[in-house]
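Take a look at this single chain in structure tokens; it is the form predicted on its own.
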């Protein structure tokens, strides 16, 4: 039946709303092949409908199936694109290797261009008042306090704070640091906030 593969693709995507699944290249290829077959059948029958009006309904049903497959594929890709945008805000411009392998080449190219555009926009912010830009990804949620206590999860090395102080981040060491300095390192898994 028409559209079964595209429904399976959407169900896979819906099952894992919070995470990004492996790009399903094989199923997308099968759906596009089905769409090509439907289009060719429609073209043949559409040319024959001038003599045989009974084919008109068949052509309309196939065309509806083509439109449905197209809308579902676009919904699948749009959903993935939104998840990739969220990854940019969470992880920054460099994706971890385990997440990178979930993307197709075209998706990774889109991620790189989105990341470049976002960085260009952030650099342009505040130039009229003398700043070199504002990092919008720094505080995704407003901080409850100016300083937080954090635990270092890995041997990171030296971290220079905005005020010029240098702190050595060693595994299992705790620090009381400004929230703005820690947010990126917390998202990268280097620090963990202690509650």
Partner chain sequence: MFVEDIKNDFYNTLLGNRVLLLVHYDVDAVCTCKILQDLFKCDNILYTLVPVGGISDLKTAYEENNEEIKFVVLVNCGGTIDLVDILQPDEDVIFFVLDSHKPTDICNVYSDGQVRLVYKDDEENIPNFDDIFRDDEDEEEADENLQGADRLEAMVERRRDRKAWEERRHTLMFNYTQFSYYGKPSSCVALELAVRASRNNAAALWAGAVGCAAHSALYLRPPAQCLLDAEPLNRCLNAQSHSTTAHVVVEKDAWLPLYRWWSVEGALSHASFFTPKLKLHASSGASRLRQLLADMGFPLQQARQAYRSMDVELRRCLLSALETAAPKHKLPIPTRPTFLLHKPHSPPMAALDAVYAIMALIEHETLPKAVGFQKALSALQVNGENEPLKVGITAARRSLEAVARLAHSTLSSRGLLLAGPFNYFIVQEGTSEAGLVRGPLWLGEAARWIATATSGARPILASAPLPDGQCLLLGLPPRYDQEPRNLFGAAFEQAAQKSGISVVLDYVDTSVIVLPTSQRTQFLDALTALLA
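We call the rigid core the largest set of C-alpha positions that still match within 1.5 Å between the two forms. Positions refer to the first chain, counted from 1. Keep in mind it's a predicted model, so treat the numbers as computed, not measured.
Heads up, the form predicted together with its partner chain isn't pictured, but that's what we're talking about next.
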Taking any heavy atom pair closer than or equal to 4.5 Å as contact, tell me whether residue 26 reaches its partner chain in the predicted complex. no
May I ask you to check whether residue 47 falls inside a 4.5 Å heavy atom distance of its partner chain in the predicted complex? no
What residues in 169 to 189 sit within 4.5 Å of its partner chain in the predicted complex, counting heavy atoms only? 170, 172, 173, 174, 175, 176, 177, 178
Taking the rigid core as reference, does the Cα of residue 15 move 2 Å or more between this form and the one not shown? no
Aligned on the rigid core, do the two forms place the Cα of residue 170 2 Å or more apart, comparing between this form and the one not shown? yes
Given that the CA-CA distance for residue 169 and residue 97 shifts by 3 Å or more in the predicted complex, does it become closer or farther? farther
